[in-house]
Every structure is written in C-alpha cells, then in structure tokens.
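Shown here is one chain on its own, the form predicted alone, set out as structure tokens.
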C-alpha cells in the first residue's frame, strides 16, 4: 500500500476530478451552476438533493453525498469525514478504486428520458461491484477480491460473499477508471467485476449506507431517507464510489461519493399509511385534459400525464428536511429543483431562493437549525383547468435505447436477442456491449450476429471487435464483450444462441422452478469527442433488464415417490418369498398349538389343578360349552 500511495504523491500528471454533476449537466443544463459549485475537490464534505418532476406522475429525487480525505491522512489512519470502517477494508484489500451498486426496478427511458448522471451511478438489478486492486499476480488479485467481498458483505449486510469465481469476470473494454491513476494500465493493477442479480435490496442495506455519512440520517437531506419510501419507489439505486483525485493545485485526495436516486410515484407516495388502498378520486378532484374537443363541464377525459400535480416534501417523504448537516460546505445549496421559472415554488420561511440563468432550475439555502419544506403547486390556467406538461422540463432523449429478451423454446437450447435503437437522425452511436453469463449458459460464438432492421446489407460492419472468454463448468462464467456501432435512426438486432447445461440436483436453489437470474448487460457508450491519445472516455452508461433462464428442472418429489414405491414393492415381494421359504404349511388340526389358544389352555390347566387341590371342581368352559363335574 505504501507504493500505491507514493505513486499518487509522485504523480506528474494531474487531471480534473470527475464530478457526477458534470455528468448530469450534459443531460440537463439546469445543473451547470451546481456542477461548478462542488467541483472543487478540496472541500471536505458536500451534500445536495436534486428534485426533478418526470412525466406520468413521477418524481426523480437524487441524493448526493461526497467527502474527501488526503492520502497522507488516509495512510496515517486519520479519518475525519471518510468512514473508518470502509477505509480499513480498502487498505487491507489493497483497493485503489471501488464502485458498488444496489439497484431495484426498471428505468422507463421511453417516458422518463435520459438516466440521471448519464447512467454513471446506475447498476443492474441486484448488487453490482467492480474494483481496481493492486496485486502482482492474478492469484493474489483473486485472494484480495475474496477478502474485499467478504468484508463488504458484513459491512453492508448483503450477500457479497457469494460473489465467487463463477460470478466474477475481468472486463477488458467495458470499464475505465474514474480516478487519477498514473499507472492504471500497469501489470500490478487488476480490474475485477462481480454481480449478484438475485440479491434482494432492502432496509438492511440502507442502514449501513447512512452510517457512513458524517451526520448519519439525523440532519440534512439524509433525514428524508426512509426505507418505506425508498423501497416503495418505482426505481431506485444506491451507489458508492471511491476513487483517488488529484486536483491541479493541491494534494491528491481519496474521494468517496454516495448517491441515492429514486423515482417516486406521486400518487402512491401521497397516499396515507392508514389508508393505503387506492381509490378513484371524486369527480370534483379529477384532472381533465382540456385540449380534447369534447371537453365540457359534464365531460372529462383524464390527463395522460399528471406530472404537474401539486406535492410537497412532507407529502412525498413523510417529513420535512431537518435542517442542514453542520459539517457540509455552506457554499453548496442543499436542495435544488428542476422546474421552469414559470412555475411557482413555495419554501419555508427564511429560505433563500436562487434561480439559475438557464431558467429551468432553482436552488434553496435555509438556516441550519430550521426544518425546510418546499411545496410545488399545480399550474392552472385562468379558467382553473390543469394544463398538461406545459410547465415541465422536457426530459432529454437518451443516446441509445436497449431491450433484451430470450428467444427459442425447449429445455436444451435457447437464444438471446438485444434490440438497440439509435434515436439520433444524423449521428451513429459506438458502444461496448458486455455480458457476464453463468457457466451453465454455453454460448455458440459462431452464432453471434448483428443486423439492421430493414437493411440487411449493413450488418457486416456493425461488429468491430469481440472479446470472448469461455466458461469453465462450476469454476468460471462466460464473459462476452462486443464493440459495435448503430447507424443513425436505425434499430439493430444483436443475437446469439446458447446451450443449457444440466445441473446436479444439489446445485438447484430452493426456488428452482422460478428460474435462474441472468445479470443485466452493461452498455458503455463511447464519446469520440473526448479522447486522450488512443483511449476513449465513456460518455453514457446503461443497463438492460435482468433475465430468467429456465433450466431442465427435476421433479424434487420423485425421490420420495420412488422410495415409497420401491419399499412397498420390496416388502411385498420379499415378504411373500420369505414366508414360502421358511414356513411349513400343515392342516389346522395337525399343527401344534400356538398363539392365544395355547395360552388359554395353559391357564385352564393351572386353574383346574388349583381347584383340585382344594377338593372342589369349578365349572369350566370347554370348547364353548359349560360342563359340570
């Protein structure tokens, strides 16, 4: 680790730190001033909440927390804002850069537009993790990776310890380091990537996340984070990114950035807990689409989008913000909302509203000791009717749409089809498509093909490079990376076939009939405008949905049935044969007395002898008849 930290101190090249607010500025110009205000890595701690109304009665809430520590303080175990529990794990495992994701739900790109932070803080469903480790050999890197996953498993109450060799890959083209590494491509730096698509993210993962913050969840924007609201959202992701940053005029620092992004359904969030059953609104509360020609006082067509309805922080999160964290940078506005200047926004008394020059966002500063509340009323026209999407910042169109599904039928073979659509009318999209598949999905590499919908002649030039690492049964999964392009205003179908392996009956999970989760594909879009030498920087990231692979599943009740049937058959056959071999068949009057009759006769004889000694003979029962002597 000393050589690792010395490499940063002896760095001759320095780069500006990668700020997630710079990424969101590409998606929306409303965050330009926000990115400028927190891009200084010398500040020790920042936190900010960005609220963005979305179509279809949705609200995107992006929580961002960032803290720094100098490398000298980190090496001396002097932790101030950087969490000690996480720092000691990084030092013990020799981790240079770490990225961890907890995600649930599906981002609706068709309705909500581009992903927050350009997808840089997004992960696939379940748990996703990748890190750059310092090691001399691959075996040492695997050992440190195992140490890191086991330690983080206990820290975050997750099943990261199940990321074994079958769920670990070594990406070649997909991931690039975000930190300033002067020897990022050296032989002693190893990139490992693991994913658990079946992991269920819950409150047990949120609690350790909040404990890493300087103010925990007691003050500041973190006081809004409640497990009931977070995990009731339509889509949510928790991200932790740790990277070294070397500013131009200062010492290199180790930066930790924690982000939580969630898409809340406004109608469901405003529903009280004591009355959670949805009910249709009364007639006087219905929001009508006044643009319809048949709209009248007695005719109402409900609006297609209710994004302009009124809401407040207390209605959405169940509580206001409990002041500000006293350790945060006062120059950064803690709350920002992305709505046009035409919308009226009410805030708590004492709050200062600052509108950005782009006229699409505004931020609020408020006293540290006061609770903060913001209320966004529904815009209305002069006649009192609700307008539709006229006072909403239009979501930016994504660079690429991606959908993935299984093809084929049967329990022996199948296929995967990924539909990639480029919405740009004049620019092609170049990206890297990566799949991390389980070992029981054996890809037929020669079946990989890409075709343009309606233009079969352009299929030959779509795939530019393929990296394939075959699976090893019960030891290593399949790794597939494809660098390809999608022409402007085109839809490309990327397909391949695979064979399903038959597992041992002990390898099936308890819910085997549900299917096996296949991790989401990672798509890294390359930006040709930003390059250094021959390398290219990722401009946009997205994940596809996970898949469920159905394997040949045995009937686990059959062993029980076979045991019962076999035992019965053996008992009947063996019992009959045993009786034939060891028993002697005679007539009933020829056979010796045995059983109950023999015991009764003995009792009779004893009673007769006893009464004979006394000189009297009682009446005895002989063959069912009474005889007197």
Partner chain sequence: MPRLLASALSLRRDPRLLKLPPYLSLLCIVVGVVWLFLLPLDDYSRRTYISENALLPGQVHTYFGGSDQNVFRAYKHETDELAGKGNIEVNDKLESIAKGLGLKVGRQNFTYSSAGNTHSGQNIYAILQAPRGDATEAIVLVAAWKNVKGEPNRSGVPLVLTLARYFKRWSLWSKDIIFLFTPDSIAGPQAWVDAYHDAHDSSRVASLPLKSGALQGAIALDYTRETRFQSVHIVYDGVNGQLPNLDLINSVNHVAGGQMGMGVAIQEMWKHSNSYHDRLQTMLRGMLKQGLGLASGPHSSFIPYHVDAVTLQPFGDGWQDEMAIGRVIEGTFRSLNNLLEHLHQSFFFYFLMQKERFVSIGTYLPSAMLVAANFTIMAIALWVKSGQPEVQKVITEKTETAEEAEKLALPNPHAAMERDLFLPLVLVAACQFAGVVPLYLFNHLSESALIPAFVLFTVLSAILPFLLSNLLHTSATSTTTQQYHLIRSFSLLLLGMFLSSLATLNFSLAFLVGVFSAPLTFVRPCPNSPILKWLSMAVLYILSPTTVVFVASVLPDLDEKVGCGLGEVLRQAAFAWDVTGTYTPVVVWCVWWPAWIVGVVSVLGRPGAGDGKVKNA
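Between two forms, the rigid core is defined as the largest C-alpha subset superposing within 1.5 Å. Residue numbers count along the first chain shown, from 1. Note that this is a predicted model, so its numbers are computed, not measured.
Absent from the display: the form predicted in complex with the partner chain. The rest refers to it.
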{"item": "Answer option from 233, 333, 95, 479, heavy atom within 4.5 Å of the partner chain in the predicted bound form", "value": "233"}
{"item": "Answer option from 79, 406, 375, 401, heavy atom within 4.5 Å of the partner chain in the predicted bound form", "value": "406"}
{"item": "Interface stretch in the predicted bound form with the partner chain - options 68-76, 351-359, 106-114, 136-144, non-hydrogen atom within 4.5 Å", "value": "106-114"}
{"item": "Residue contact check: residue 301 to the partner chain in the predicted bound form, 4.5 Å heavy atom", "value": "yes"}
{"item": "Contact test in the predicted bound form: residue 155 vs the partner chain, heavy atoms, 4.5 Å", "value": "no"}
{"item": "The partner chain contact at residue 572 in the predicted bound form, heavy atom, 4.5 Å", "value": "yes"}
{"item": "Residue 485: touches the partner chain in the predicted bound form, heavy atom cutoff 4.5 angstroms", "value": "no"}
{"item": "Is_shifted residue 556 between this form and the one not shown (CA, 2 Å cut-off, rigid core)", "value": "yes"}
{"item": "Closer or farther in the predicted bound form: C-alpha pair residue 297, residue 55 (3 angstroms or more)", "value": "farther"}
